[in-house]
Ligand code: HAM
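The chain below stands alone and is given in structure tokens; this is the form predicted on its own.
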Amino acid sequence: MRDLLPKDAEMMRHVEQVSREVSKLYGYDEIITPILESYELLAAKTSEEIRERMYTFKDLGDRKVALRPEFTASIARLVANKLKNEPKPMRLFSVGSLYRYDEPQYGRFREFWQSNYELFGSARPEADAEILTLTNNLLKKLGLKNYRFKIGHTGILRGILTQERLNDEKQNSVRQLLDKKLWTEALAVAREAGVSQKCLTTLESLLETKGENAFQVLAQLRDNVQDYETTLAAVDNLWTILELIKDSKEQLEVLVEAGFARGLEYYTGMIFESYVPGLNIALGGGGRYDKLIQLFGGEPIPAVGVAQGIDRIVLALTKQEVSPKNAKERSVVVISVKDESMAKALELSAMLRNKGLPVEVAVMGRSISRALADADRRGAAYAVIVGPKELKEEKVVLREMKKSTQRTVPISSLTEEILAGST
């Protein structure tokens, strides 16, 4: 867990702010759920690996509770209980901190932040397409470059393994190993579970079926799974989703990977991750989960969603040297020359703030030269020097810090002078 210093916090809040802007553009209503939930709720349908890494303890009421390791279980509880009668589709947005006892490494922290988008009520492919295009537009709006989408469908593996009569426990073991890219071990679990040689051959071919020409990969996949009816339906579903995106003129750089799996057990359809080649971490991921709400006593509600990793997006933006527009470009320090002009300095600072300008007032009683040096160190764009002599003429001294130039301007036009110079 980390202390986020001002520059780090600024980047984190910038990604959070843009995430919230995108939620409004797409019609997602924000909700806030507790950081602390019952252990049973959070453990209900997550992976064994995440269950083992949750922060769990007994509260003073002797209840077993945990810090949330993800958002989806909390949101599913909310939908099953408090939002069950809301009209569909229902679009929900949430953002905040999550907790897992992972081994710290690049892009992996024990306290981390996500923004979450969930669409409830539609089983149609256009809902899946919306989640993909929303993610694409978020990353584009942030200024990230060269990102890609890895896309698959959990029904591809599930259809094969179900037809081979593997139970859910064995299927989840195979998928979790594939999620960790442990191909040999995943095939070994399937072999030990007694699948047919045809199944093993098909699984081996799946692991090699991937590429950036999405429809070519899916056509090859269709040929390989002709004997597995539900798997074929999953391939067709993924084809429809990607065709919708293509026909809508949305530009997505896609890698289709037939053997792609995500660790969470509740996915039922399309799954995906966004990433930057070479960074070796997923920036975000999600997919379809049509049966999760039932686990919490709700009616069957189809759903699709995505979790954006705010920390990881910040890492990617930092690596690409992308930063938010610096508020310091318009920032002002107001310096009073004498104590008797301090009240006017405070009045002017309030006037400038009311026009949307960030303003600091020099409050250390330093000399003008030292106050200007401090303003320069802080990266201020302008200094407004308030002195008794200029005030008699209803004027102040406006200094442009980068140019080291200054001029006397009327107070009545001070705001316009600063705004004109910072455009």
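The shown structure was predicted, so the numbers you read here are calculated from the model rather than taken from an experiment. Sequential numbering from 1, following the sequence displayed.
What follows is about the form predicted in complex with histidyl-adenosine monophosphate (HAM), which we do not show.
Although the partner is absent from this view, Asp128 stays clear of histidyl-adenosine monophosphate (HAM) in the predicted bound form, with no non-hydrogen atom inside 4.5 angstroms. Heavy atoms of Lys338 never reach within 4.5 Å of histidyl-adenosine monophosphate (HAM) in the predicted bound form, leaving it off the interface. Among heavy atoms of Gly305, some come within 4.5 Å of histidyl-adenosine monophosphate (HAM) in the predicted bound form.
Proximity of Leu283 to histidyl-adenosine monophosphate (HAM) in the predicted bound form: non-hydrogen atoms within 4.5 Å are present. Contact annotation: histidyl-adenosine monophosphate (HAM) lies within 4.5 Å of heavy atoms from the stretch 94-102 in the predicted bound form, the single such stretch among 137-145, 160-168, 94-102, 190-198. The single contact residue among Asn237, Thr72, Thr133, Ser331, judged by any heavy atom lying within 4.5 Å of histidyl-adenosine monophosphate (HAM) in the predicted bound form, is Thr72. The contact residue chosen from Pro324, Gly211, Gly121, Gly107 relative to histidyl-adenosine monophosphate (HAM) in the predicted bound form is Gly107, the criterion being a non-hydrogen atom within 4.5 angstroms.
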